[in-house]
Structures are given as structure tokens and as C-alpha cells.
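What follows is a single chain, given as C-alpha cells, in the form predicted alone.
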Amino acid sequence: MNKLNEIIKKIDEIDFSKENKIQKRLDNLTKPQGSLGGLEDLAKQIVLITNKDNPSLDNKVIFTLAGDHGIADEGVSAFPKEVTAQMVYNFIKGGAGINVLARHIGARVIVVDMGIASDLEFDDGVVIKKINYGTKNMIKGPAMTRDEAVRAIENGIVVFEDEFLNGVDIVGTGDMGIGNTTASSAIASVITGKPVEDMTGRGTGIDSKSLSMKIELIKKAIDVNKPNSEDAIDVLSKVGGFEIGGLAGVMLAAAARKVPIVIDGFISAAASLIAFKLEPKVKDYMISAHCSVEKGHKTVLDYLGLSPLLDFNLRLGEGSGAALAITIAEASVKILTQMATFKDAEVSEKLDT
């Protein structure tokens, strides 16, 4: 746990005392005060996170982490487990939704094998950080060992740190893993304390009968493993996934480097719960991209105190929502750094009344 403990120690509290100064700067731009609403709030947050008066978000990176889940053997997904590896090949070839959106916004996509259940036939373009060949079936015991859970988080830290050498101004999180909404629902239920029924959705599109079975399986997994809600590593090891742990590591490492973290959908939200439980300060570095159609996503965001930028009924994962939100984040920063002030533009200011 040395690497994990070291990175946690590097996460600073954000200095919110600078907020008024940033707002005054925004108020001096050529617009009615507050007229750009959430864009202004987002620009403030990014300045506070980066601790830079004039941040730029030129180096946009989306980390898409992949892993398989033993619980998939129980039929909790509309797709077979083999789809995880098949979709990773699609990422490599540039044909997935996240590839299209990343190209659109000028972002790099870093694809990571955290625990795919097979060896890839070709892995050019994939970072291999495999912990194991998928997690164990969590209704029969822990999804992984505690050591594997720590290694998953630390591998995520290493993935970020390695890419940081190439330049990273903003991070988007993404995932791929058949069965991972089941693990995410379990994590969310345990940490938020909300009933499994309220945290479990249809994932890839299962029918009502399969949804009922999925809920009962999650309840059974929690009952069998009895994860400690105050111990993030215990929760991750007993009902989590390798890619979820890796994403938590990416988030912690990004916060330690003062890089804004754009959280994608429900799986990323579950990872953010793990990161938050390990170090609560990380929450202030997070930007919620969107609220997905997954039932528990809003509850998780409310628990963390995050407001989503978008509500597009997304449920793809991969980092797709994060990619869309990063464009908004970049727009907010450009408003702050490129828009003229009343004085610069020689525009009369609001009359005193």
C-alpha cells in the first residue's frame, strides 16, 4: 500500500478563499453578471483545482479501463462476457463511441486491461495492468483478495502517472466490463446505505425478470461477504471490479497532480465512491459529466454532492459522457481566459440604480 498512501498524502485541500477573486474577474467580463450561469461556476472550479489563474485544457485524456466480472456467469447482463475483450479490440481500432467522441474533442484515449478474462490476441494500443483473469463470482465469496484490490488501485495510479509525463490537463474516466453495473450497484448500496433495489438498473438492457434476479444476486453477494462500508478496500475487494479499482486510482493520482477529473457514468461514479472513502478531499477535484439512466447514479451523485453537467439519458460508458462534458469544461475556461473585460472592449458597464 506504499504507493496508495503516498499519493493520498499528496492530495491538497482546495483553497476556496480564492473564489471571490475569480468571481470578480468573471463579473468584469463583457456580459451581465452571472449570465453564463454554470459555465462560470465550472470555470471557477477548474481554476481552484489547477491553482492556475489562466488554465488551459489542451491535453485532454480519457482513461478507459476494462475488466471482467465473475458475477457475469449468473446472467446479469444482456451480453456474454466475451464482449469485454471484443470491445477492447474495437477501442484499439478506433471504432467505438468513445473513439469517435474523443476524436471530436481532440482527446487521447488510454485503454487499459485491468482484468480481462482472456489474453488479448493483439495488444498494441492497450496498457496491460492485468490483476487477474476477471474477478471471482461474488455470490460465492469475495470478488478479489484485499491485496488484489490494493494492486488494482495502485495500477490505476501508475497508469495516470505514466501518461502524465505526456501532458494531462484534464481527465475523463471510462470503463468496459460485462457485469460491471452489478458490481457498481453493490458498491453504491453498501457505501451510501441505500437499498439494493434503489441502486440497481438494467445495465446493458436486461428485461424485468433478469433485473429482479440481478437485485437478488447483489443482495446475496452483500450478505455472503458483509463488506465494511467504512473500509473502501474491503468493499472493493468483496463486491467490486478491477477496472473500478483502477479508476479510483486514476482519480486519486489526478487529484494529487491538481488535474480536474470528469466522472463519466455509473461505473465511474462507483469508483469515485471508493476514491472518496479513501480520501474525502478528492471530491472537490471531481466534475460530474452526466446523470445516466442507471437507477443508482443520481443517488451516488447526491451522496458526493456533485451536480451533473448533462442529462442525456446516456448509458454507454466507455467515457462517452465524460468526453461530451470535457468540451463544456474547455468552453468554460476559454470564457474566463479569452473573453474581453468591459474596460478592454471599451463597453459601458451596468448603470448604478
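These numbers were taken from a predicted model, which means no experiment stands behind them. In this text, residue numbers run from 1 along the sequence as written.
Heads up, the form predicted in complex with another copy of the chain isn't pictured, but that's what we're talking about next.
Against another copy of the chain in the predicted bound form, the set Gln33, Glu82 and Gln338 is in full contact: each member has a heavy atom within 4.5 Å. In short, of 279-287, 84-92, 127-135, 193-201 it is 84-92 that has heavy atoms within 4.5 Å of another copy of the chain in the predicted bound form.
Using a 4.5 angstroms limit between non-hydrogen atoms, Glu349 touches another copy of the chain in the predicted bound form.
In the predicted bound form, another copy of the chain lies within 4.5 Å of some heavy atom of Gly97. Put simply, His104 is close to another copy of the chain in the predicted bound form: some heavy atom of it is within 4.5 Å.
The closest heavy atom approach of Met213 to another copy of the chain in the predicted bound form falls outside 4.5 Å. Scanning Asp231, Asp207, Asp123, Asp162 against another copy of the chain in the predicted bound form with a 4.5 Å heavy atom cut-off leaves one residue, Asp207. Between another copy of the chain and the residues Thr327, Thr299, Gln45, Asn59, the one pair within 4.5 Å by heavy atoms in the predicted bound form involves Thr327. In the predicted bound form, another copy of the chain lies within 4.5 angstroms of at least one heavy atom of each of the following residues of 38-75: Gly38, Leu39, in sequence order.
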